[in-house]
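Quick setup: one chain, the form predicted alone, written in structure tokens, and binding and motion questions come after.
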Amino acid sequence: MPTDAPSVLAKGVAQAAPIRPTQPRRRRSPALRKAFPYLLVAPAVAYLLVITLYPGLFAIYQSLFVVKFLTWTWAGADNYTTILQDREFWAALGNTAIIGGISLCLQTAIALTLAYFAYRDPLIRGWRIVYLMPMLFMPSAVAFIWKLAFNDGRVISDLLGRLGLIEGNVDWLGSIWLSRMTLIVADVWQWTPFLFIIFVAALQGQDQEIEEAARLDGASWPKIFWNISLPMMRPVIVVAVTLRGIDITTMFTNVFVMTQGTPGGATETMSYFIYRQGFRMFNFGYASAASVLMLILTIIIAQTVVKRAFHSGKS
């Protein structure tokens, strides 16, 4: 019977090849296995600490000095005691609360209304990026556009005049409340989509069986939204509004481009106050003290709101 040459050759090679014992796989020590996940995220954590923790600690340290460029004079808590007696500081804080509070309320109401009408639309799911378009513009560009529309280009005055609502041109930035309104309009236009897309995602993520059961019981869509969907969205609403509120406290670009804090400081927010003290009056220690106080106040308010909202939701 003929012998298959390839099979014989393969058999010979297999017999000739030495059999090497398999080396046992080296196992990591328990300590290394526990530390390995932390080692993976360590570079990112270090980077975040460098760009967040260090500037904050430096601002706290600088707030204890009277800083004039390279001249540092120890002041202790004098900057804090002085700033608490500064009327301009409290005025800027009040302006931030007024402008930011009205803007946040309008953004929340508009975003909830749009989410109420639009979350079932299939276009929302496929074209979410379209609804985020205002957020994609640079804040400085948005501020220039609205400044052009309100005052420089007189577009708004012309439209209202053609509708017969006003006569002549309106100096939108020359009145206290009108200038505040321009900042509110610009902020609402750009950042309402942020809340809107979060609310739509929260509605789409809810259990549809609950809505179907309520519909079978004869509940209308407004009642379902008000009595079922809205309470279920409460944690999402609280977190989204808190994040947006924290961001509003840092409103600077619109003020810098559109109003410069005028008229009479009526639109000077805390961010612009800190900028003016630090980069126009070159009082860096005083500006650092104001920023530290603003940070503490923001943390206290945000923590209180979130804690009360979630605590009341559990009870």
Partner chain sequence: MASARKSRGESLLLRYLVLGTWALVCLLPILWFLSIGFRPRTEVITPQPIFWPTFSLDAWHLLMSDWPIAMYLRNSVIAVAGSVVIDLILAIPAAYALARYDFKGREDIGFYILSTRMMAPAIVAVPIFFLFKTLGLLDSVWALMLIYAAINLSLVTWIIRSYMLDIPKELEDAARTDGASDLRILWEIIIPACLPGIITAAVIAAIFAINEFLFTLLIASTANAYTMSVALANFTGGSDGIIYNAIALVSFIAFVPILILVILIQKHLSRGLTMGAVKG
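Remember, predicted model here, so these are calculated numbers, not experimental data. Between two forms, the rigid core is the largest collection of C-alphas that superpose within 1.5 Å. Residue numbers count along the first chain shown, from 1.
The next section is about a form of this same protein that is not shown, the form predicted together with its partner chain.
Peer 1: Can you check 76-84, 94-102, 173-181, 146-154 and let me know which stretch has heavy atoms within 4.5 Å of its partner chain in the predicted complex?
Peer 2: Result for this chain: 146-154.
Peer 1: Does any part of residue 133 reach within 4.5 Å of its partner chain in the predicted complex? Heavy atoms only, please.
Peer 2: Flag for residue 133 set to yes.
Peer 1: Hey, in the predicted complex, is residue 43 touching its partner chain, heavy atoms inside 4.5 Å?
Peer 2: Heavy-atom contact with its partner chain at 4.5 Å: present for residue 43.
Peer 1: So in the predicted complex, does residue 210 come within 4.5 Å of its partner chain, heavy atom to heavy atom?
Peer 2: Output for residue 210 is no: heavy atoms all beyond 4.5 Å of its partner chain.
Peer 1: At the 4.5 Å heavy atom threshold, is residue 166 in contact with its partner chain in the predicted complex?
Peer 2: Outside the cut-off, so no.
Peer 1: Just give me the residues of 169-199, first to last, that have a heavy atom within 4.5 Å of its partner chain in the predicted complex.
Peer 2: 188, 189, 192, 194, 197, 198, in sequence order.
Peer 1: Superposing on the rigid core, do we see a C-alpha displacement of 2 Å or more at residue 72 between the shown form and the other one?
Peer 2: Residue 72: C-alpha displaced by 2 Å or more between the shown form and the other one.
Peer 1: Rigid core fitted, is the C-alpha displacement of residue 43 between the shown form and the other one 2 Å or more?
Peer 2: Passes the 2 Å threshold, so yes.
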